[in-house]
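In structure tokens, one chain follows: the form predicted alone.
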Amino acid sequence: MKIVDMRIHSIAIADPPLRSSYGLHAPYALRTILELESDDGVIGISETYGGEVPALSLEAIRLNVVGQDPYRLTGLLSSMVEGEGAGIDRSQTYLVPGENPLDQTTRTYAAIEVGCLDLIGKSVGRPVCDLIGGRVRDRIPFSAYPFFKHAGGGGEGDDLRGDEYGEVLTPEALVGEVKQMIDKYGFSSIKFKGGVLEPDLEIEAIKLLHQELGAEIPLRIDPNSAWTVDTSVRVGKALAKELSGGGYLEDPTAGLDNMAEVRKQLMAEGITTPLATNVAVTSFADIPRSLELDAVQIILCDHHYWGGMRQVRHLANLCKVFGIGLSMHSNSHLGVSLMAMAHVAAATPHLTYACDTHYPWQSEIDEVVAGGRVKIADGCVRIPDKPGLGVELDYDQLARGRQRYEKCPYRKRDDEAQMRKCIDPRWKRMLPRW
């Protein structure tokens, strides 16, 4: 079997005005859909970050892909998988995911790997999860992912979308948003994006969620490094009860040294709330120092910037050896990425927390998966009894996504610029802010 064609599709999908410490989501999120076609006419697909750079990076290796055997291609490209840099230079702390030049080759490799695995799976009639180690679960648990947000459902001009959740800029409104998500998708854990309002208001939001939902629903909060060490410790103390029982405090402050200091001070108070990260530890090179400092007790991996599905499974084995918890990070995405995440999770025994997903923030109008949205029921995605990733492309929908990309002015993610454009012309991301 040989790959005879590689097709790269830059698309745009509507995104609501969600807030984080990075700033404000633009009206469109950008994604790239990749197709790898074999000489047998079988097509493998994958989805990765969008915009000009990811598409150009894939185009740059076309001659290394077309004509190759998909069973061997990822081995031939293996020099790409480690990316460049380590520690703070490699971290996502100061750059939004997908915009770090030091993991550009890693993200490109991951997109090729997923496409090859989907192609191989469809060729031999086996699901991807069974190709990368064998499934240990059929249903993959995901968390609700509530954000503070401004009014609006995303899109621009004649493509404005309905606003399912309305404006959410108070603790009370956030509770309402979460209850809507639970009613619709059946989530049984909550990951709350903080770092937006004053810390006391975000403490109040978590306490209200705990009161409304009860102790059986684990709560997590991620302020994306917006706080000082002192503020992080104060929040950790205030929420010791609410973040217990399967909760965690994610990236409260910037850098492994600061995370380690937060951990040390909380432990001195008898507070064992684990610290999680998806920005301070983003490569294998970051792990030794994190272990030395006891800075991170949970890693939120991402097969896109960790270098693919098999790299995540390697990471899981390492985490199990050293007693580190594992979950999965998410970005704005469609069903192809959701199914790739689900297949990795299905084949990863050491998955200790429900995965993140932005999927509820995207809509049927933008989905490129044939048959419409991937179903989330009881907070879980089920691995279908189909080969590969278990999904195919709807080419009419894909064409609409390309048209949106061509019409919209966005070519990279820049939450800071969007914040200045729409909310405050003087706004600048500050770490720490509180």
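Note that residue numbering follows the sequence shown and begins at 1. Predicted model, so just to flag it, every value in this text is computed and none were measured.
We do not show the form predicted together with a further copy of the same chain, though everything after this point is about it.
Asker: Counting any heavy atom within 4.5 Å as contact, can you tell me which stretch out of 234 to 242, 327 to 335, 296 to 304, 124 to 132 lines a further copy of the same chain in the predicted bound form?
Answerer: After filtering at 4.5 Å, what remains is 124 to 132.
Asker: Taking a further copy of the same chain in the predicted bound form, would T74, Q311 and F322 all count as contacting it (heavy atom within 4.5 Å)?
Answerer: Yes: T74, Q311 and F322 each sit within 4.5 Å of a further copy of the same chain in the predicted bound form.
Asker: Please run the contact check for A215 against a further copy of the same chain in the predicted bound form: heavy atoms, 4.5 angstroms, yes or no?
Answerer: Output for A215 is no: heavy atoms all beyond 4.5 Å of a further copy of the same chain.
Asker: Flag N317 as yes or no: does it have a non-hydrogen atom within 4.5 angstroms of any non-hydrogen atom of a further copy of the same chain in the predicted bound form?
Answerer: Heavy-atom contact with a further copy of the same chain at 4.5 Å: present for N317.
Asker: Within a 4.5 Å heavy atom cut-off, is T352 in contact with a further copy of the same chain in the predicted bound form?
Answerer: Answer no; every heavy atom of T352 is more than 4.5 Å from a further copy of the same chain in the predicted bound form.
Asker: Does V4 reach a further copy of the same chain in the predicted bound form, with heavy atoms at most 4.5 Å apart?
Answerer: No, V4 is distant from the partner.
Asker: May I ask you to choose, among V96, L197, A260, V81, the residue with a heavy atom within 4.5 Å of a further copy of the same chain in the predicted bound form?
Answerer: Of the candidates V96, L197, A260, V81, V81 is the one lying within 4.5 Å of a further copy of the same chain in the predicted bound form.
Asker: Which of G270, P288, G157, G162 has a heavy atom within 4.5 Å of a further copy of the same chain in the predicted bound form?
Answerer: None of the other options qualify; the answer is P288.
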